[in-house]
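We begin with a single chain expressed as structure tokens, specifically the form predicted on its own.
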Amino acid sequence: MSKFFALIPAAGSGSRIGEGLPKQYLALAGKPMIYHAIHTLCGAPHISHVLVVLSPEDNNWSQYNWSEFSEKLLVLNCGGATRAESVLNGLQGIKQLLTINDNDWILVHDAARPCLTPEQLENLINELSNDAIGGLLAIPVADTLKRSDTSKRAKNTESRENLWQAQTPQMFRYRLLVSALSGADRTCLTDDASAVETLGFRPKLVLGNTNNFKVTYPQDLALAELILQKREIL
């Protein structure tokens, strides 16, 4: 029977948000941002272990208390220069700590998506656990899309038909994900599904929720905080 593992690449600096700390450690609802992703993943009964991939130079992780997750949480200090490199390094590093089979599932989740809910996670696992390829949470594009010219003027309007906005977790078999990331140009990849697509596979899109957005800019922190606070009240 296949097992489920979660992997959080967290070796980046998050420069676009304009703060001194790496983005994953910014305070959010009284905790470092990455805490919320870890909390949801560790709380999932299907998931055996949650692995966080940090930069070898990370000096922030040890400043926090992670003992509440000690049964499931493992740390790998093997992050790379890009997200894809960190994921691949983490996948290779898992085998030094755990027994993992080629057909076991890996759920890769962004540290900067703190509002993932247990219900969204369970739905993803249920939708994909018997799928031949795997897939990802995503939402259909609702906004009108404009393509600009070099002077930032609208050049034309793009059709949004059949367009989806990718989210995470993205869930694939261990062997397939390693093969996809090993053979792809990792400097150009922005998610794991695109690496799998380069092998000719078509990942399944599982309907997500707009609240599972990626914190990218300073104003996103305030919105994420409101969502998390409302969830605690309810």
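Please read these numbers as outputs of a predicted model, since none were measured by experiment. In this text, residue numbers run from 1 along the sequence as written.
One more form of this protein should be noted, the form predicted together with ligand C5P, which is absent from this view; the next part is about it.
J.: Quick one: is residue 82 in contact with ligand C5P in the predicted complex, heavy atoms, 4.5 Å cut-off?
T.: Residue 82: yes, in contact with ligand C5P in the predicted complex.
J.: Report yes if any heavy atom of residue 11 sits within 4.5 Å of a heavy atom of ligand C5P in the predicted complex; otherwise report no.
T.: Residue 11 belongs to the contact set for ligand C5P.
J.: So, residue 106 and ligand C5P: in the predicted complex, are they within 4.5 Å at any heavy atom pair?
T.: Contact check for residue 106: no, nothing within 4.5 Å of ligand C5P in the predicted complex.
J.: May I ask you to state whether residue 94 is within 4.5 Å of ligand C5P in the predicted complex, using heavy atom distances?
T.: It does not: once ligand C5P is placed as it appears in the predicted complex, residue 94 has no heavy atom within 4.5 Å of it.
J.: Could you tell me which of 109-117, 155-163, 124-132, 137-145 sits within 4.5 Å of ligand C5P in the predicted complex, going by non-hydrogen atoms?
T.: That would be 109-117.
J.: Check for me whether ligand C5P, as it appears in the predicted complex, comes within 4.5 angstroms of all of 36, 167 and 231 - heavy atoms only.
T.: The answer is no; none of 36, 167 and 231 reaches ligand C5P.
J.: Heavy atoms within 4.5 Å of ligand C5P in the predicted complex is the criterion; list the residues of 85-107 that meet it.
T.: Read in sequence order, the lone residue that approaches ligand C5P (within 4.5 Å, in the predicted complex) is 86.
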